[in-house]
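In the block that follows, a single chain appears as C-alpha cells, in the form predicted on its own.
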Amino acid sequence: MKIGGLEIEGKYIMPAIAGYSDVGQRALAYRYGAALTFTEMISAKGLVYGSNHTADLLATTEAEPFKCVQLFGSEPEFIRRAVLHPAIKKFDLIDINCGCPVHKIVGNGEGSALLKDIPLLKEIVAAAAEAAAPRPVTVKMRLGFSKGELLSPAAAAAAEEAGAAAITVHGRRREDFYSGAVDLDGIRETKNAVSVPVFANGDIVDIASAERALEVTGCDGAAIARGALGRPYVFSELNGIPVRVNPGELVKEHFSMILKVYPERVATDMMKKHFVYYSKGVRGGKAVKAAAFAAKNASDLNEAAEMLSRQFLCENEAADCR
C-alpha cells in the first residue's frame, strides 16, 4: 500500500495511544508485523516552546523501520512550525490528531473539536502538508463530535484536498469517548468520500473483528490501538501467523527498551500501566499485578515480570510449579 510516497507492507497499523505508544510498544508491534506505528500525540506548541516532556515522547529506536509522529494543535502556524522543527526531521510520516476526546484537549479547540470547524481543520492539514513535503501527512479523526452526527466524510474530503495522504477513522463520536458500539457504516461513508487509503479503527482486537470491519467499511486497512496493549503479537495473528508468546518475557524486553530513554523511576512507573494488559487473562495475574504495582525500581519490576513468566509457563507449558 502507498501512503503518499511511502510504500508499506501490510494493512494493519498501530495508531497513537496516549500514555502507551512508547518506544517499547512500537518496537514490539513492528516486530510482530504492524505496517506502521505512531508516537503518542505531541503538542505542536509544546514542541515549538521546547517542553522537556515533549522531547522524551519523540524518542525513537532503530527497531522502527518507519518513524511516524502524531501532532495536535488548533493553530496552523504552530503546526507548520512544529513540522519544521529539527526534532521532527527524523520522522517519515506526520499524523494530525483530529480525534482526541479528552476534555483538556477539546477545551483548547484541539483534537476532535476540529471536527466542528472543518475549514480550520483543512488549514491545519494544509500547513502540515506544505511543511512536511515530500513526506506524507495523514489524519486521525472520529465520526463526529455529538452523538448521531456524521462529520467525518466532509472532514476527510477536506483533509484530502489539503494534502492528506491517508485517513484513520475511529468509529465513534467525541461524546462517546470509548463506549458504545463502533459505527462501521459511518466509517464506510467516510471511506467513500475520499480516494486516499482509509484505516478503520475501534474495537478491532482479533481476526474476526478485523475482517468484519474491513468487509463492512471497505477500508484499505485497520488500526489496532487498545487491542495491541499487552498483545503486540496481535499483528502477527492478524497477518495469519499465530504465535505463542510468554507475556513475562515481553514485559522484560519492553521495559529494557524504555529504560534506555527514561530515568529508572519514571520507566518503572510507566511499565506498571502496561503490566495490567500483559498480565490480563493469566492465572494468578492479580498477585503478579500487585507485585508490579509495588515495584520501586527496575529490579522489583523485573521480579514481577519473572513471576508473570513463571505463571504463564505453569498454565501453558505444563511446567513444574511446585
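Numbering starts at 1 and follows the sequence shown. Please read all numbers here as calculations on a predicted model, not as lab measurements.
Unshown form predicted together with a small molecule; subsequent notes refer to it.
**Student:** Check whether residue 223 has any heavy atom within 4.5 Å of a heavy atom of the small molecule in the predicted bound form, and answer yes or no.
**Tutor:** Looking in the predicted bound form, residue contacts with the small molecule include residue 223, since a heavy atom lies within 4.5 Å.
**Student:** Flag residue 112 as yes or no: does it have a non-hydrogen atom within 4.5 angstroms of any non-hydrogen atom of the small molecule in the predicted bound form?
**Tutor:** Outside the cut-off, so no.
**Student:** Heavy atoms within 4.5 Å of the small molecule in the predicted bound form: does residue 203 have any?
**Tutor:** Heavy-atom contact with the small molecule at 4.5 Å: present for residue 203.
**Student:** Residue-level question: is residue 16 within 4.5 Å of the small molecule in the predicted bound form, judged on heavy atoms?
**Tutor:** Taking the distances in the predicted bound form, the answer for residue 16 is yes, it comes within 4.5 Å of the small molecule.
**Student:** Would you mind picking the one in 28, 271, 288, 41 that has a heavy atom within 4.5 Å of the small molecule in the predicted bound form?
**Tutor:** For this set of options, the contacting one is 41.
**Student:** Looking at 225 to 233, 188 to 196, 115 to 123, 86 to 94, which stretch has residues with any non-hydrogen atom within 4.5 Å of the small molecule in the predicted bound form?
**Tutor:** So the stretch in question is 225 to 233.
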